[in-house]
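Take a look at this single chain, the form predicted alone, given in structure tokens.
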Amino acid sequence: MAHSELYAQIDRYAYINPFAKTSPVTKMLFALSALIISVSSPSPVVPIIVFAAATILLLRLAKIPVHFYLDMLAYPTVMLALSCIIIALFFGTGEPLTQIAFPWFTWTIFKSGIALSVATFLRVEGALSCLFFLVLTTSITDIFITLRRARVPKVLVEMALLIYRYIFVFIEVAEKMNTAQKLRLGHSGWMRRIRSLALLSGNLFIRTLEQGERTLTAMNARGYDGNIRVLEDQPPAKKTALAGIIIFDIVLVLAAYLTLNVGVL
């Protein structure tokens, strides 16, 4: 999928999924509580439970297509895997797993480094599934309305809203500029690729400033007075759903405690 289509697809699924009319407070409470427990759990079992639960909710109940979910997971998972490989190979103390002798030094791979890398991978994957659950089932407008009601500073909420929107705008602009460079043989050699990348970066910065000025002008023309106003029509949170989330979080905490001594190696 092209990056320029990602914003439209995320928004589309956020508005048409079966959870779209559910209270955003409920979805945010589930996602944030599970995310916090996942990243703070010393046990590798809890992140696996969180990932499985969020994935089942997305694919079976929210009806998000499997290929789209996997596309969203692909890039962060690859970057995470590379980071974890570095952790496994170059970090750790204590009992060594193996040692590789070189003429000028001995490279030691520790069991604790392997365990740390696997635990980090599982924790972040669990957190990613929670984040994608929230993004794909809740519109960005509902998220920011909920943050505003939670007394998050207004300037932070509005800046986050604009940043989120224009991340995808500039990705689309960058893709168009990159395509234009390819058509003009701007990537026909390494030196040309480096020069094309430098030109793209510089022009994208200029486009960013221009787009910011045009956005502010358009907002002022529409009566912008420092507040971004949207229709705040959200369903209330159901007590049964909140109780279910609390029970799920308690189960996760108990699972973390009971599997405290479960290790990767």
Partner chain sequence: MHIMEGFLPHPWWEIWFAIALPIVAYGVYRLSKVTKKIPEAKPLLALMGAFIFVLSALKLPSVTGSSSHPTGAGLAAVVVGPGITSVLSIIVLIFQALLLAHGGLTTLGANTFSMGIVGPFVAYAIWIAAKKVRLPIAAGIFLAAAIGDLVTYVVTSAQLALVFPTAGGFFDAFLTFGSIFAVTQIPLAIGEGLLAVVLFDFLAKYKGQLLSAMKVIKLPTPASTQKEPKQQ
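The term rigid core refers to the most C-alpha atoms you can superpose between the two forms while keeping them within 1.5 Å. Positions refer to the first chain, counted from 1. A quick note: this is a predicted structure, and the numbers were derived from the prediction, not measured.
One more form of this protein should be noted, the form predicted together with the partner chain, which is absent from this view; the next part is about it.
Between the options 36, 59, 48, 237, the residue in contact with the partner chain in the predicted bound form by a heavy atom within 4.5 angstroms is 36. Though the partner chain is absent from this view, in the predicted bound form it lies within 4.5 Å of a heavy atom of just one residue from 194, 163, 101, 183, which is 163. By the criterion of a heavy atom within 4.5 Å, residue 173 is excluded from the residues contacting the partner chain in the predicted bound form. For residue 75, a non-hydrogen atom is located within 4.5 Å of the partner chain in the predicted bound form, even though that partner is not displayed. Among heavy atoms of residue 93, some come within 4.5 Å of the partner chain in the predicted bound form. Heavy atoms of residue 222 never reach within 4.5 Å of the partner chain in the predicted bound form, leaving it off the interface. In sequence order, 134, 135, 140, 143, 144, 153, 155, 156, 158 are the residues of 134-158 having a heavy atom within 4.5 Å of the partner chain in the predicted bound form; the partner itself is omitted from this view. After superposition on the rigid core, displacement of the C-alpha of residue 199 between the shown form and the other one amounts to 2 Å or more. Annotation for residue 219: C-alpha shift of 2 angstroms or more between the shown form and the other one, rigid core superposed.
When the rigid core is held fixed, the Cα atom of residue 180 travels 2 angstroms or more between the shown form and the other one.
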